[in-house]
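Just the one chain here, laid out as structure tokens, in the form predicted alone.
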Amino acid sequence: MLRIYVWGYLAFLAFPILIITLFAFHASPALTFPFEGVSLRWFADLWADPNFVSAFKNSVIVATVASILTSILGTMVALALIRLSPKPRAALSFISFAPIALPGLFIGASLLVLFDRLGIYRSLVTVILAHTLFCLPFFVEAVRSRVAYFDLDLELAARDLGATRWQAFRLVTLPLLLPTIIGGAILSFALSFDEIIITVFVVGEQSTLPFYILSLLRRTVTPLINAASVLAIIFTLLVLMLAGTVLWWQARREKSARIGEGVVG
């Protein structure tokens, strides 16, 4: 019964995606059955729309910059957590987890008020800052599990051998954590690329891909929405597959290292 429930749950989640994908290739603009043929006309019309191309580029730019900022800040936070005593560590962990617990509606409204008070004009810069705040807790949680097993004595050994703090971090700590950091950065990219709730509050005149899809929905339901959604889903899946490959490579590398240590021992 549990297996039936799991497969039924997965089918329930996948069914809307399958329907969207099916009608994205429908030759007729009617979003009803029977199916009248397969066509790529809606994808062609979509790429011919300069607003879609601009929104897609903006989403890629925002997600890329936000993932880079998240990786830098999140790595610093994760490394700081293992160096703190238990009480400050618990307090910082609670604060860093807050954006996950709070609804995106509250975060977006709060950032809108903050940017308005500071006199910051809403643009892609404000979207990048908001997405960095949104993705940071997820990155910290993903990296902290790996950092928790990091042996600080390795840095001390590098310092004893004459390395500076920066050299110890660059030559010892960073290579060991790099696969996890890359995986967290890819996850942050995927989260930022699909984010819409916070984006609605902080976006300016320029649009992102989810905001472009939302603007289409405000007018009427057209096959262009299905085509844009399919492209967004495919792009996100490719990013997540890349993250899974990185994490698999990391696990295989650690397994090989453990086997090597056992052979040496």
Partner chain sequence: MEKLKAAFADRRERSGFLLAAPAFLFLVALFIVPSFLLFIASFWQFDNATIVPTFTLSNYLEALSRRAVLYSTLTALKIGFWSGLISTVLSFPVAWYIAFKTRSNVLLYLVLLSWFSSYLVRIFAWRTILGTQGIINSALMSAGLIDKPLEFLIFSPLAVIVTLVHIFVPFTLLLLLSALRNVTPDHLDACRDLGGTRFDILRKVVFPIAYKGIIGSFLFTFILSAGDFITPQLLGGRSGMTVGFMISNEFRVSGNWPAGAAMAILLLIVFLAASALTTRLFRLLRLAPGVRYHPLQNPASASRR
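Numbering follows the first chain given and starts at 1. Model, not experiment: these values are computed from the prediction.
A second form of this protein, the form predicted in complex with the partner chain, is not displayed here; the remarks below concern that form.
By the 4.5 Å heavy atom rule, the three marked residues 98, 107 and 159 all count as contacting the partner chain in the predicted complex. Residue 178 falls outside the set of residues with a heavy atom inside 4.5 Å of the partner chain in the predicted complex. Residue contact with the partner chain in the predicted complex: residue 229 places a heavy atom within 4.5 Å of it. The partner chain in the predicted complex comes within 4.5 Å of a heavy atom belonging to residue 222.
Residue 213 belongs to the set of residues with a heavy atom inside 4.5 Å of the partner chain in the predicted complex. Contact with the partner chain in the predicted complex, defined as a heavy atom within 4.5 Å, holds for exactly one of 236, 28, 64, 54, namely 236. Applying a 4.5 Å heavy atom cutoff to the partner chain in the predicted complex picks out 2, 3, 5, 6, 9, 10, 12, 13, 15, 16, 17 from 1-17, in order along the sequence.
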